[in-house]
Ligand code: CTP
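The chain below stands alone and is given in structure tokens; this is the form predicted alone.
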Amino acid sequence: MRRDAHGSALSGRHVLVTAGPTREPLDPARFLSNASTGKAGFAIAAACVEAGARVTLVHGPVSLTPPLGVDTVGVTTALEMQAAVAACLQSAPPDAVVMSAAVADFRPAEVSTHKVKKADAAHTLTLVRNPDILAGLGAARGDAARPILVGFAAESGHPVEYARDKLRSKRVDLVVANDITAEGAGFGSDTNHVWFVEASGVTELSMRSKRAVADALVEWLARRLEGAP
């Protein structure tokens, strides 16, 4: 589905999208990260801007070209992503936040200023938990209708079950769930098989392109925003 299909469904709306991985440095040469490529988030940003929205895309390290018409903010770490999202909410509060980024759950407690050598003494890596950006947004919003909050659950089995837990614990409106171990539905693929999990029920979207998933999310956002003051 392209702009001629969903027209100006999000005209006048501001959508904040996060995409890609974060990198948590160990030393000047190494980091902790994950296999996210940002393809899903960039597809969502493109679909939203083509639906008439103003789009801010906060992304981690990726090799993708940002969609035309999208305001981009590049970050590296989870703390930088948290700060960029907070700055956006303060300067231009969005109508919806789509947190598709695969934010690292942990970061090293200490970062070496030099590259750690194999010849160095035995090295113990201590990790500390990164902030849960989406849960923080849900807690800050409370019972307000906006911004609409969308999270993602990229799981390795039982994605709907985990998504239901995230829906409740993070106090969000929708969780898009997928099984990263399924063929054609993992990180880096151009397709996905997802479930839209919300309080009112679960909608399965069979295998399709990530852009088609993004178009379905635009339709969901447009319907939800019509009822949000």
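In case it trips you up, residue 1 is the first one in the sequence shown, and so on. Values in this document were obtained by computation on a predicted structure and should not be read as measured data.
One more form of this protein, predicted in complex with the named molecule, exists but is not displayed; see below.
Not displayed here, the named molecule is approached by residue 166 to within 4.5 Å at the level of heavy atoms in the predicted bound form. A residue is said to contact a partner when one of its heavy atoms sits within 4.5 Å of a partner heavy atom; residue 193 fails this definition for the named molecule in the predicted bound form, lying far away. The closest heavy atom approach of residue 132 to the named molecule in the predicted bound form falls within 4.5 Å.
Residue contact check for residue 94: none of its heavy atoms lie within 4.5 Å of the named molecule in the predicted bound form. In plain terms, the part of the chain that comes close to the named molecule in the predicted bound form, with a heavy atom within 4.5 Å, is 103-111 out of 140-148, 69-77, 103-111, 86-94. Residues 151, 152, 153, 154, 155, 166, 170 of 149-178 are found to place at least one heavy atom within 4.5 Å of the named molecule in the predicted bound form.
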